[in-house]
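Single chain ahead, written as structure tokens, the form predicted alone.
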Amino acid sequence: MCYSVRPYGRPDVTTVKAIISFYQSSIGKKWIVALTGLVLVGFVTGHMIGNLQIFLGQEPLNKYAAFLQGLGELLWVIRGVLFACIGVHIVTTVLLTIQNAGATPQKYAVTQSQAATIAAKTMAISGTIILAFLIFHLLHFTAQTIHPEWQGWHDAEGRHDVYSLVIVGFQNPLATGFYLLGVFLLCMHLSHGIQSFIQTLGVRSRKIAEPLTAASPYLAGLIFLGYASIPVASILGILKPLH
């Protein structure tokens, strides 16, 4: 009896073709959009919980920020995975939209458009604004290229004073307005996305699917309120910088 031998670790050609075929299909793209979306929902929720420590004071938030920076290379690996998920999510969503538009008769598309939610209709526009918001947010608070002087701000323990720079950053009405718009669109996108991947991942039980679908706008609303509370409290003077 003869067996085909291939080098250890090299993927089988048939497997590679199956993966490519799966990605090229509409179902495959929906799965990829759903799974990357789940990763991003988890990050958005966790990031919000971490940021809300600002209401506990300077010490907890700066300690949390120092912990993240202390992860070193692991932090860059996490960021790399997140950026990859964002990129794959955006590209696959665009390709899926184009594929569906080409495969759907015009009459059916009109019916679908009338039945679609506002979030679904504005997904492309809101997605573009969200991407611009994310880039601005990273430049503003993470890279601090817009205000390089913030890099020299430290608290009494010698840690980067993230607490003060966040509050000062949100005391700018334009920055706060753009942030609130970006977060609102992100949460609208998130609400629609949760409903979509419930269907994509095959949650067919009404006892599970219907409550999750009904709860998605409320979950998105809570996330919006969590994120919005920080800039609103900063611009109203409820939170005050200590630097």
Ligand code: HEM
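This is a predicted model, so every value here is computed, not measured. Note that residue numbering begins at 1 and tracks the sequence as displayed.
Same protein, other form: the form predicted in complex with protoporphyrin IX containing FE, not shown, and the subject of what follows.
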My question is simply whether residue 154 lines the interface with protoporphyrin IX containing FE in the model of the complex - judged by any non-hydrogen atom within 4.5 Å. no
Non-hydrogen atom contact residue 51 with protoporphyrin IX containing FE in the model of the complex at 4.5 angstroms: yes
Partner contact for residue 31 in the model of the complex: protoporphyrin IX containing FE, 4.5 angstroms, heavy atom: no
Do residue 186 and protoporphyrin IX containing FE share at least one heavy atom pair within 4.5 Å in the model of the complex? yes
Position in contact with protoporphyrin IX containing FE when the complex is considered in the model of the complex, options 146, 96, 134, 90, heavy atoms within 4.5 Å: 134
Among 23-31, 210-218, 36-44, 191-199, the region lying within 4.5 Å of protoporphyrin IX containing FE in the model of the complex by heavy atom distance: 36-44
Taking protoporphyrin IX containing FE as it sits in the model of the complex, which residues of 213-238 have a non-hydrogen atom within 4.5 Å of it? Please list them. 227, 230, 231
